[in-house]
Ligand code: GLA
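Next up is one chain by itself, shown in structure tokens, the form predicted on its own.
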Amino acid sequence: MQLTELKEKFTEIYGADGEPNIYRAPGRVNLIGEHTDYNDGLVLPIAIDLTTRALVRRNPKETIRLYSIDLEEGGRIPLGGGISSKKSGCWTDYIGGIIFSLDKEKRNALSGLDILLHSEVPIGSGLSSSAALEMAVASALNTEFELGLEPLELIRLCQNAENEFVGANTGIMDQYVSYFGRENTALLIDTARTSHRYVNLDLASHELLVIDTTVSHTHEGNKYNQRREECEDALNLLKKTDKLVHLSSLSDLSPEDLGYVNSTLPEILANRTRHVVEENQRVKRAAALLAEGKIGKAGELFFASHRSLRDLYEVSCPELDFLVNFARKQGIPGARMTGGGFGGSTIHIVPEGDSDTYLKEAGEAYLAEFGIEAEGFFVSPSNGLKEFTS
């Protein structure tokens, strides 16, 4: 939607009492490094050229009013008498969690605000539409009410809202790259130290293609949280041994430790641990290879990451596996699931001259196999909230 259309919609919903201010934050694609961020490991995401925009304007009421154009749905968060910790079970909880946390830390700092939201990031695609929403709104609140939150405070605020209010025990990666992303680069994030360095991407005449399976299997139960609990269980058991009593995270383990891990842990926990350890190694190697334009070797790490996520971490699904297997059969350099899994999207490294044909053929094959239309789109490493001027 064009900005003029968004402003017209804002006026239609909230009235013509002044121009709204505009804040935006991008979604992300994680190139490699899955389920490592909450294990104090390494990740290599990019911010993408799909954003969520929040148009905001102060109002004289003791209420924050919300409206999502994409969902055609509104909501209200009353401010008077303290912010409720009660969840609604819908998208407004992501914002409610931010406001609840802010009210605890900076009581009475907030007042009435009207917010109109529009997102280009497909919901449920594994491209972190939730983090884009959180960061756009948190940035708006920080600026409008002069809260003085520093970047990491803003990032932690949004992560905590998702962890503690919404109930999704995600790591820091999504909000971090949504803030710090930079055009033509990936972020190599060390989540244990909450630090990063930029990796210039040399895609060597290749494009990054996302194919959204448009399915989700998370209704079977919150298996994402279960995987995190399994990693915590593995860590606690290893710390009870004499050899690893000082272990602080699974990411502190080396590949040489895996023999001991296999002999100490139950098979499922050993598998989860092995994925984390080997995925961290893949991230380091992929960052170096992508910076050098060695696409073929980096792509092999993408395929290896997917196998590990499928077989050791068990977060893939038939739809994701089909698209990655299709990529392998077609001879493209690399593909893997991206995001938490159980549905969502795959990321493919595709030669520029073949990209449109490949997308068409992948879509046709997927439709024939599952009777479902996948959605494909090309993404570019783009600026994060820190670099945006509007």
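Since this is a predicted model, take the numbers as computed values, not measurements. Numbers follow the displayed sequence, beginning with 1.
Keep in mind the form predicted together with alpha-D-galactopyranose is missing from the figure; the text below concerns it.
**Student:** Against alpha-D-galactopyranose in the model of the complex, would residue 67 count as a contact residue? Criterion: heavy atoms within 4.5 Å.
**Tutor:** It does not: once alpha-D-galactopyranose is placed as it appears in the model of the complex, residue 67 has no heavy atom within 4.5 Å of it.
**Student:** Using heavy atoms and a 4.5 Å limit, would one call residue 187 a contact residue for alpha-D-galactopyranose in the model of the complex?
**Tutor:** Output for residue 187 is no: heavy atoms all beyond 4.5 Å of alpha-D-galactopyranose.
**Student:** Find out whether any non-hydrogen atom of residue 57 is located within 4.5 angstroms of alpha-D-galactopyranose in the model of the complex, and reply yes or no.
**Tutor:** Residue 57: no contact with alpha-D-galactopyranose in the model of the complex.
**Student:** Using 4.5 Å between non-hydrogen atoms, is residue 171 touching alpha-D-galactopyranose in the model of the complex?
**Tutor:** Yes, contact at 4.5 Å.
**Student:** Quick one: find which of 249-257, 136-144, 171-179, 229-237 has residues within 4.5 Å of alpha-D-galactopyranose in the model of the complex by heavy atom distance.
**Tutor:** The contacting stretch is 171-179.
**Student:** If you check 303, 198, 165, 224 against alpha-D-galactopyranose in the model of the complex, which one has a heavy atom within 4.5 Å?
**Tutor:** The residue in contact is 224.
**Student:** Using a 4.5 Å cut on heavy atoms, which of 342, 326, 358, 38 is close to alpha-D-galactopyranose in the model of the complex?
**Tutor:** Checking each option against alpha-D-galactopyranose in the model of the complex, the one that comes within 4.5 Å is 38.
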